[in-house]
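Okay, so we've got the same protein chain twice, two forms, each given alone as structure tokens, structure 1 and structure 2.
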Structure 1
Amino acid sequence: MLSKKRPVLFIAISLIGTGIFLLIPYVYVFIASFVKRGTGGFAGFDNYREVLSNEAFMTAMSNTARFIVVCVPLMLVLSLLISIYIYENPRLGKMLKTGFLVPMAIPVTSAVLMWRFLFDDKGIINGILESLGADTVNWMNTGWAFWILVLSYIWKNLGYSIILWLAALSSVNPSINEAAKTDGASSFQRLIHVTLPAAKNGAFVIIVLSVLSSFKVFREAYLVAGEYPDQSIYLVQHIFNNWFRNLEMDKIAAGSVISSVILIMLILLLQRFWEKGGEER
């Protein structure tokens, strides 16, 4: 039974700070999205219309969406496969787990040095291709840039997702597994019928956190390719930064509202979907 006593003291300061640095700014953005730039008059949905017909914005949105659609399922499957191995081989797994977590601690700036070494026009990969007699590839200025970004996302966050899956897997009641074993279920059958259904509960959080962390690849994209990277990795964050530099308040505001509404809907939708799935959790 939770206490009904007033917790004002505990959450007040945090609430004030959240108000100043998050809530009021968000309300401000929302209002600004209906205001005409310069004159300050009411703009109706003009700002939204302008942003939605802005080619760069739509490119950035679709790139970001494509990035999420490619990365999140890839991440889910890859990390699940590795975590199942680690879960079933705890002794060897501990070492692997540490290994996969290390990239979290490698600052993005160090990673960028490595990326340049690998993917520069004269980088080691092109060197190898050349020595094999194959054509070299312009990695950073073609569609390949997108896949390099996918790679850096997986590299950085694989360990994180593995830990999440391991937590979900360890919530499986071992006695059910044992019972299945005595009933003669093979390890593959146990995986499909016992472990995975139970681990499914973790998937919602893993998806949400993967989407969240996918926004952070902007750092790599920016540090490797600057403000105007190859078109395939021109992300929502790029266009916001560029608008900011030009003080295009109206566009930033409308763009912010659009992207936050999409995000919130995505989260609610996922939640609905998961609860509808008849989970007993």
Structure 2
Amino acid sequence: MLSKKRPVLFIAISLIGTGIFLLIPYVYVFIASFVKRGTGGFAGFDNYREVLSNEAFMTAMSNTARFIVVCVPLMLVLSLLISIYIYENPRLGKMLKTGFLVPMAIPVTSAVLMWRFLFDDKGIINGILESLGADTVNWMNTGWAFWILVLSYIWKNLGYSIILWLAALSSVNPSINEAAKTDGASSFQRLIHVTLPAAKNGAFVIIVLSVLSSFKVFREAYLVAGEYPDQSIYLVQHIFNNWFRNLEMDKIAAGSVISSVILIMLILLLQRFWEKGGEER
């Protein structure tokens, strides 16, 4: 009898934890988004109008969207190619897998120091340019800052995506690939028509996790460039941090609800697109 109740108890504990640490705080933030700062009265949609008309917020949203659109596909394609090579070459793959996981073990502050050594005004790269007689570049205060942030994110999180892809590829029944190989299918044909469709569910999870983890890049951007970085890397988390410093909780609440709704809609649309693609196949 106890063994039958264990799954229910496990799910109940998870739901209680989710409710306490996620659902209840979110409901509180949602309610706070309709409250006037200071007076505590009902503000209607005034907080949302103020946030949506805020130029800094719209810039941060567009920069965050641009980062996701550029960075997530690069991460997914690169990690998929590497994971396929590791999957098909297990002996060499062990060493490569360890190498790609090393950046995950490096603390964020240490990684930030490395980027500063490289891209600071008096950093290593500018030192090399100066020794060659070329003009130095203020990397973190130009459009280059965006691509440095993209490079930092991919370098830090590539190993995690590779592990996820390897788990998805390992779930594919080897007999399916063997049958396709016997029928004369090439490695590329087996990958496109057999392996990837079979790993479709795992791929969806990897994409969602990649989108969610892309929001964590704020730590690197904040530690490298401070509260007010170059406009190209001014992200949503920057403006939330600045609002929090000024105790503008009404804006934070409204901005958080807007961001979460956009993110949830994005994931639902992606899920719908994924399911539709599976039905067509």
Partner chain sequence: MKKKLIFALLAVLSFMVCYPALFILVGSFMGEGELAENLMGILNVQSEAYAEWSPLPQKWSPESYVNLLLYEPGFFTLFWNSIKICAGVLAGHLLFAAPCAYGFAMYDFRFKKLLFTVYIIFMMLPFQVLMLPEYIVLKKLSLLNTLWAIILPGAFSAFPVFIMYNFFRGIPSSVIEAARMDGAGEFAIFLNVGLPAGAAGIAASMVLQFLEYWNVIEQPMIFLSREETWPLSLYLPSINLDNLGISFAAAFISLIPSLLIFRLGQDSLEAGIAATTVKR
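Predicted, not measured: the structure shown is a model, and the values here were computed from it. FYI, numbering is relative to structure 1, first residue = 1. By rigid core we mean the largest C-alpha set that fits within 1.5 Å across both forms.
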(message) Can you tell which of the two structures I gave is the form predicted on its own?
(response) 2
(request) Determine whether the C-alpha of residue 152 shifts by 2 Å or more between the two structures once the rigid core is superposed. (result) no
(request) Establish whether a shift of 2 Å or more occurs at the C-alpha of residue 127 between the two structures, with the two forms superposed on the rigid core. (result) yes
(message) Would residue 39 count as moving between the two structures, using a Cα shift of 2 angstroms or more after superposing the core as the test?
(response) yes
(request) Enter the rigid core superposed C-alpha shift of residue 16 between the two structures, rounded to one decimal in Å. (result) 6.2
